[in-house]
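Read the single chain below, which is given as structure tokens and is the form predicted on its own.
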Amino acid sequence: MMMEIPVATRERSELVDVTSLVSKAVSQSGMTSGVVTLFVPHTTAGVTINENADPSVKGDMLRGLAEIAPADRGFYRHAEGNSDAHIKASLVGFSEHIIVKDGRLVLGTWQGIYFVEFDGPRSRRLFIKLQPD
């Protein structure tokens, strides 16, 4: 079974917590055991799992990625002016796999699932593939 979740972003760079949306998809599917694959079909956005207890982690991640791939570099040649977004999305990645046990996502105590925007604001999509055992 596959589902598509729309994600509306509001900033050029932001992390959107989609944990509850993915959990809801698992619950609605009735799947009790298996794997969920998340996929972002965009070249300037990604998906990651990270801490969701301390909100400052999101800002720290965005600032760290901005240090690695600053928005304004003289050597970027991509005509759209968003080369930094492409680099950051490639570093974060476009997919995640999460185990489902007893009908629930297997995440650590402090972990959440984030859709990561690097070229917003935009209307985006997150695909969820449910693979029962």
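It should be emphasised that the depicted structure is a prediction, and the values quoted were computed from it without experimental measurement. Residue numbers run from 1 along the displayed sequence.
Keep in mind that the form predicted together with a further copy of the same chain is not shown, yet the notes after this line are about it.
Taking non-hydrogen atoms only, Q111 approaches a further copy of the same chain to within 4.5 angstroms in the predicted bound form.
In the predicted bound form, M1 approaches a further copy of the same chain with a heavy atom inside 4.5 Å. Contact check for G64: a non-hydrogen atom falls within 4.5 Å of a further copy of the same chain in the predicted bound form.
When contacts are judged by a 4.5 Å heavy atom cut-off, G103 does not count as touching a further copy of the same chain in the predicted bound form.
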